[in-house]
Structure formats: structure tokens, C-alpha cells
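Before any questions on binding or motion, here is one chain by itself as C-alpha cells, the form predicted alone.
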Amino acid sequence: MNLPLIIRAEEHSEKIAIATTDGSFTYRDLLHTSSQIATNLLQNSEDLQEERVAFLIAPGFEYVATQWGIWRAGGMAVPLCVSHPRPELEYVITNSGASIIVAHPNFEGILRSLAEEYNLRFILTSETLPSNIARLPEVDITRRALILYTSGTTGKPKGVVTTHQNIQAQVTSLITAWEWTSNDFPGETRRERILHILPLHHIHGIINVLTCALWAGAECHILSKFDAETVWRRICDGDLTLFMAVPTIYVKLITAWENASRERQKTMSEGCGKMRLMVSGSAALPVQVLEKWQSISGHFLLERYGMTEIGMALSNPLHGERLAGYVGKPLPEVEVRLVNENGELVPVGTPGEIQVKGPGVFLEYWQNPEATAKAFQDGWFCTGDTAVVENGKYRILGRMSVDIIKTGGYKVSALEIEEVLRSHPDIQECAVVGVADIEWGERVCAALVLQGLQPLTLESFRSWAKERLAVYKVPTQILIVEELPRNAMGKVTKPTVVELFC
């Protein structure tokens, strides 16, 4: 028995599945190429039996075919981030216990040496794929499918494991709520078509856009990287039906619109008007951004709430009233509750921690049973986010931990960054905080206590940090202080550090 995702793809075989700058690929192309990749991965074995396969490929057809090939061979997909430096890639590869690395030739320089160092099988996407397709294993939907790495309050990122069943539940919930369709729109020649501009090592891009589109039999038009002018050109074509992005991207698109001529602005706005839905997520959407986008596009952006461990949990309605600053109600098949610090339900109008239960909730943190057990209370996943219910709708109030920073749609750990910064030869102590920012949600900032008299410039500091941290984790502002503010117990007071940057 094939996975339901594969069975559904077979029903749409001649339709376009993926479109890129390299051309268009049908569902038949995707099924054929992924079966070749699965055959290659299997070599002489019958089933990868949840072996981890790490892969580093820019967004596009090869990425999707590789992800599907891993799944069809019975493996667990471990997508790597194209912008991560070697130490971050090495951490994910070793922590996941990957036995195979698949890479586009562009990344051979950084990954082949890692594969050799850890004695892992290394495959380039440029290698010739087998013409004879092996008998592929039957993969039960309860099997582990995907490991995505997410930052928590305890430093190093944790591997979030989802099964095929979890993914299916996440996808079908969104398809129901947002009414994805595989049919042509009545009276029109166009199909459901979404532009994909999000990273593909993150749940937003993998589940909400890519997998929802392919489950629905829609077209997914993928850009290898975000570029505001390219996105606007595609929107102006007028053939897109959906668009999903993070607030940072909407800010950049607004800037590009404001810099365009009057005539061009009119065409851009008309392109937006031809879409049926525009969504914002992964970070809080500032009201002024929402209002400006509405004036440009005619769309009141649909905000939703989710995270790597749960998929999407809350959403404003597709039809009906959406309120600025609110994330609506629980999605289909998702249960949500708010509790106080004692784990007791709070009355309506009282803030509490968001806890989630449902078939989309992840299976476990990879090889970390302690963290997994700690993340649940009576079967409910503890998100660490606080919210309040007002007029029947949820409003997110923020993180319970000051050590989690949301920047540009990414969740990063201040503790993880501090651990790296303390290895700098000129830094004695440091405190990393998130400072409110209209474009990024929060900017990563660092207060530093230096050792010795050696000066430290932001440029040299960032250059050093980029070799060790993902670029979105690298502080954009530093402040040299004589000592860090502390409370009576000697603990650094992060709110006071934030004030230093304001």
C-alpha cells in the first residue's frame, strides 16, 4: 500500500505539480523521479526502515523529488538549510544520526568533507539515476517521516519528529479550513496555484504550502530564493490563487510597491485582487503592516498560529470576520486550551499558556525522551506561548520565556547564541535578547562584556559569528558594557538588557 500522498498524486498524473524557472513538472514526473531516487537510496536493501537521510537542495523540483524519494524508500527526511554554516549543518547531521547525505553539486564543497569525516554515504543530485525501478516498500502512515530542528529554551535545537500520519492530519486540517481544491475554478481556466517563496527546512514552507498544494492536486510555483521584484512579477501575471508569507516578506513587498510607478502599482494591486487567499504566519503581524497591505492588495491577511511541534492550531476564518491581532479559533481536528501555571483551565478573558491536542501533534523530540515528556501535560502539548480568548477569538500575548526570540519568522534560542558567543576570544560575558522591530518582529541583539582592551566592531563580530551560526541568529546590533544588569540572585535581567537597546 502506497502512502496516501502518493496515491493522490497518481490521480493527478498529467497535471502540473511543480513549476520553477527550469520548467514545469507534472505529478507523473514527480512520481517517476521520486521512484528513481528511492531506488537509488535503497541500493540493495528492501526498506530504509526509518534511516535518516539528510539533504541539502535549493527549493525546486529536485528538492521535492528527493523528499518524496526518501519517504517512498521508507526513510526519514532531514532537510538541511541552504544558508546554514558548516557547524549548524554538522549538528543536524550528527544529532539526527543520518546515514546518507544527498546534496546538490553547489553544496558538495561543504558536505562531502562532513560525509567523509563521519563515514556517511554521499549522493549528488547530478548523478545518473537508475532506469530500472526497484520494488518499493510498503510504508505505513504511522512511521516516522520527518525531522525538523527547532530552537527551545535549553540551548541547542531539538529534532521534532513527525509521522506520515501527523503530516496527513496537519495537511487535511488546513485543506478543509482554507478550502484548497484540485478542480478548475467555475467559469475560469485557472487551477489552484500557489507561489512558494519560503524556506524548505521549516514547517511553514514544507507543510502549509508545498505538501498542502501537492495533496490537493494543485500547482506549486517555487522560487529558489525570495526576491521582491520577482514575486511582484509573478503576482502581476494574475494566475495565482493563494499566497503565504511571513510578516518580514510583506514588509519587503510593501517597500517594493511604494518604490514602483503609479501605473505599475495599479498592476501589482490588480494581481493581488485575483487571488482568493493571502496568509501571514510564523510571527506576529504588526497592525500597521496588515493595514498597509490591505490598502495595497485589498486583502485582509488571514493570520494563523502554529509551530513545528503541532502544525497549525488556530486560524482566522476563510469566510467571515478577521480581527487584527487575533489568530481566530481552533482548526478542524485540533483541540486548544489555556491553563495557568498550575495547569488549571483559566476563565475566558484571563491569559494562559496555550496547550494543544490532536492528530497533527508531533511524535517526539528525536532521541530526547526527557524533553518529550516535559513538553506534555496529561496528553496536551505545552507550547510555551501565552494567549487570551476575547470575543471567542484567541489573541497571542507572546512567549513565556524571554530566551526565545522570533525574528523574520524563525524561532531562535538566546541561550544557544550566547553559548557560541562565549567562545569568541574577546568576549567574557554576554546576554542576547530580542528587541521589537517592525520589519523582523524582533531583532537579535547582544550586550557584551569584553576581556582585555581589544576593540570589537560590529562588522568583525558578525563576520566571525556567521561562520558559526545561521545568519538569522547573528546579532544585528551589539552593545559593549562594563557589566551585565543582574538581580539579587546574580541572574542577568533580560528585560533590563532590552531597555539598553531602546
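So that there is no doubt, residue numbering starts at 1 and follows the sequence shown. Just so it is clear, the model here is predicted, and its values are computed rather than measured.
Another form, the form predicted in complex with a small molecule, is not on view; read the next lines as being about it.
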Stretch from 139-147, 394-402, 218-226, 233-241 whose residues place a heavy atom within 4.5 Å of the small molecule in the predicted complex: 394-402
When the contact criterion is heavy atoms within 4.5 Å, does residue 165 count as touching the small molecule in the predicted complex? no
Residue 361 near the small molecule in the predicted complex, any heavy atom under 4.5 Å? no
4.5 Å heavy atom contact, residue 308 and the small molecule in the predicted complex: yes
Though only this chain appears here, would residue 304 touch the small molecule in the predicted complex if you measure heavy atom gaps against 4.5 Å? yes
290, 249, 100, 284 - the one with a heavy atom within 4.5 Å of the small molecule in the predicted complex: 284
Tell me, which of 73, 78, 327, 210 has a heavy atom within 4.5 angstroms of the small molecule in the predicted complex? 327
